[in-house]
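As a starting point, one isolated chain is supplied in structure tokens, in the form predicted alone.
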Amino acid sequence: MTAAVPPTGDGLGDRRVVTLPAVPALGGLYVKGLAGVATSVVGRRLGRGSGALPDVAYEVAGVRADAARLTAYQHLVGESASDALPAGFVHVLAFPLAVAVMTTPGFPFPLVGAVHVANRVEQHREARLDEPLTLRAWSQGLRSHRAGTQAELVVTASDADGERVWTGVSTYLAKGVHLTDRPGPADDPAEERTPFVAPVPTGRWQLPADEGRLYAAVSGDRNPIHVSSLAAKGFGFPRAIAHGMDTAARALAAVGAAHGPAFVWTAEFARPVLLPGSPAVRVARDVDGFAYAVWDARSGKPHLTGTVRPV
């Protein structure tokens, strides 16, 4: 890690920008996250601590996609073969920096056990396989929630000229983790929405028992709840669960080239898909672009919903 440099704006405020020599390995970050679970959770649940987000942004320059990894990702989620990087694949490239922020000393809740509840990606233009990208990540929006505490992890990708090509904001919820210096619980958007009613499906996905391992191989995200039923049971799931961004990326791939080179892609995660699983899916045009939903075909309960809006 190099010395911190002054921030350059671009939504960073007064955060320090710390340049890393390479994108960190997720395995080591998860080990670091596990080490901090007990202290973070116990202190916050008992109301003995206050919370603040780290005033740091991590940056790595000159990041290039690997052709074999890109091809494997495209094949797995159903994207067409192309040198254009799918928006979900850019998330894969930048995700370790977001995890690095969440494992920074003093981050107000633990990485392990945090629930990914929503995602918003704005793709300004397509990134290409052969172009170097500068990736940057920081945290913002720490707030109380009825079930615990939420925060947003922001990740960006810029080209060699410093132009932003991609921005992603992931919202995480730490259930049962309450911070003593935060205002009252934020409104839960789920309570304001019309109850989910399963629409007419346009298809079914067949996700095998090893889907978590397959996505882990192309994303590097080997969170135990996705690759081990035993670990998943430790977090209250009967068996391993699919990565949320795997399912969201499949929905984006189903929209295909119709979303154009610039678009906004949102996902709200309700319940994870248990593996193996065969959820029902609807991806269809609406007034402003496309809407999608993925749900349990038997119970009718939603797994995720979202939109893809060309801009």
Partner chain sequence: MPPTARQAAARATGPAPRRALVLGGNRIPFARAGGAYARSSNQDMLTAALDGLVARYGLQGETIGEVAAGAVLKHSRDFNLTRESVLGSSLAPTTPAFDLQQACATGLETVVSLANKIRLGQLESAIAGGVDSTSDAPVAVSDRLRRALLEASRARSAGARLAALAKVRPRDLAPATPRTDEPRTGLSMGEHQALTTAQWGISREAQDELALASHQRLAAAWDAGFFDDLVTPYRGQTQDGNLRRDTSLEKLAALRPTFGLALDTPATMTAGNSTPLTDGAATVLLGSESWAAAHDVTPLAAVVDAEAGAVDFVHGVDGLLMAPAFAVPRLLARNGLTLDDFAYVEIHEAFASTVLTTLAAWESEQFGRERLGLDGAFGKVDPARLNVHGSSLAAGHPFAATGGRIVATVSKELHRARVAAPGGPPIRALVSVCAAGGLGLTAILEAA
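Please read all numbers here as calculations on a predicted model, not as lab measurements. Numbering follows the first chain given and starts at 1.
We do not show the form predicted together with its partner chain, though everything after this point is about it.
K.L.:
Evaluate V283 for contact with its partner chain in the model of the complex, applying a 4.5 angstroms cut-off between non-hydrogen atoms, and reply yes or no.
P.N.:
It does: once its partner chain is placed as it appears in the model of the complex, V283 has a heavy atom within 4.5 Å of it.
K.L.:
Classify V255 as contacting or not contacting its partner chain in the model of the complex by the rule of any non-hydrogen atom within 4.5 angstroms, answering yes or no.
P.N.:
It does: once its partner chain is placed as it appears in the model of the complex, V255 has a heavy atom within 4.5 Å of it.
K.L.:
Taking its partner chain as it sits in the model of the complex, is A81 in contact with it (heavy atom to heavy atom, 4.5 Å or less)?
P.N.:
Answer no; every heavy atom of A81 is more than 4.5 Å from its partner chain in the model of the complex.
K.L.:
Do V200 and its partner chain come within 4.5 Å of each other in the model of the complex, heavy atoms counted?
P.N.:
V200: yes, in contact with its partner chain in the model of the complex.
K.L.:
Tell me the stretch among 110 to 118, 231 to 239, 133 to 141, 204 to 212 that has any heavy atom within 4.5 angstroms of its partner chain in the model of the complex.
P.N.:
Partner-contacting stretch among the options: 204 to 212.
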